[in-house]
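Only one chain is shown below, in structure tokens, and it's the form predicted on its own.
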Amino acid sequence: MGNEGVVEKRNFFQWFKHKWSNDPLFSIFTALILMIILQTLVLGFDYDSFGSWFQSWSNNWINILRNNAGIAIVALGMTFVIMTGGIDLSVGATLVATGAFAMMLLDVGERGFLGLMGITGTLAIILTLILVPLFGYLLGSLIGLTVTKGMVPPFIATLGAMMVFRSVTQQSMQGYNPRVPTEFLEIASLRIGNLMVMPIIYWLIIAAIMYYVSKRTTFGRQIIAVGSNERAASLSGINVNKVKLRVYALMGLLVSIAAIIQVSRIGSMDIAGSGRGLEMDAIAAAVVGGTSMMGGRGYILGTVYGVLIISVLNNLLNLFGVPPLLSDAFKGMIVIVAVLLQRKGKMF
């Protein structure tokens, strides 16, 4: 029995090593479980009853997920962009631009676009929910055209777009404080039971759609082909520029949805500060989730895990009292380690 136990332990270790080295989703999920266990231990168990502990634990998780829903949605789009071999540094500025556009449409004051046309109430909200994603899609398409038709490297194209979008938005909103109607706030603050979980639900729905697109559609397969080898993809009949254009347009669309959620959560948006570092968080979540920076490989489910890992990390840093200015340093180290592990191919 003793020898059999040793053999079983050795076989388990070999199996675990093989899964960890060859199944990115397994290794990411394992890391997530370890992070959750660590967070649970840090939160402690000093409660009167199991029910009190579980309520505190679940409320903490709901807060984490709700606060990071916008980042999670953007990270899903970033996964597709990186899978094509590109990058998008403009997502924070796009968030600000589309969020400002939403507020200008809905403003109940004298300068509201829709109000000036006599459109208010539910109709104004519906039009905003249509026009803002279209605006985000347009901004993403402009970036896509710059990358494809203009043949500008994605890093430069999106860096330029980041500066243009944010500066133009700041100039347009200077001295302007729009007031969003309270009905619009229900989009994010509507309670189910006694819980404010709508942002989480939006994220999960979009993640399910993106997962289906990546696994079950021609577009998803084309993204992988383009990221793996553009020339081979082109020779096989794939319109490479069209795929890239659609990916950047989709990125803009998803960022606009995140902007709607943010504006509806707090009723406004800090034009100067909102979205700063969003590109870092989105890239970190995608890379930690197994998306290759070289393109050609990515996992929507892995990005979901990556978002959770980054979210738990941020929460742990807060619980440990780490200065906010150092939090990006930890995320940066995680991204570097994740890329090194991808290039090495195995951990052990």
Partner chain sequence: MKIEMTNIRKSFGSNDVLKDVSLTINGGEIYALLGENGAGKSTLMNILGGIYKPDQGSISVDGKEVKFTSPIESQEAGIAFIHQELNLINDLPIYENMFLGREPKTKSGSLDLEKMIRDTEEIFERMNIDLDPKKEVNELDSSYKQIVEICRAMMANASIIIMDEPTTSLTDTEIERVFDMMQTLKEHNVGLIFISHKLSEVMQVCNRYAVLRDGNLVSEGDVKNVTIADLARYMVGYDVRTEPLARKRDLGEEVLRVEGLTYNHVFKDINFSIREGEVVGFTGLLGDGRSELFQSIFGANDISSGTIYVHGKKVTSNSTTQAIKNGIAYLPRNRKENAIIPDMDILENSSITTWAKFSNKGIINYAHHKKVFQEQRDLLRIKMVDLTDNISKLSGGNQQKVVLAKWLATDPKILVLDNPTQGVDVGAKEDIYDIILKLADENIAVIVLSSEAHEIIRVCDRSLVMYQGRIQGELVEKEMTDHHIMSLATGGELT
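Being a predicted model, the structure only gives us computed values, none of them experimental. Numbering follows the first chain given and starts at 1.
Form predicted in complex with its partner chain: not shown, discussed below.
For the candidate set Ile187, Ile156, Met104, Ile224, a heavy atom within 4.5 Å of its partner chain in the predicted complex is found for exactly one residue, namely Ile224. Note on contacts: among Thr218, Asn177, Thr122, Thr182, the single residue with a heavy atom within 4.5 Å of its partner chain in the predicted complex is Thr218.
Remark: Leu235 counts among the residues lining its partner chain in the predicted complex, judged by a heavy atom distance of 4.5 Å or less. Although the partner is absent here, Arg231 sits close enough that one of its heavy atoms falls within 4.5 Å of its partner chain in the predicted complex. Not displayed here, its partner chain is kept clear of Gly302 by more than 4.5 Å at the level of heavy atoms in the predicted complex. Although the partner is absent here, Gly295 lies within 4.5 Å of its partner chain in the predicted complex, judged by heavy atoms. Contact with its partner chain, judged by heavy atoms within 4.5 Å in the predicted complex, is confined among 136-144, 209-217, 69-77, 255-263 to 209-217.
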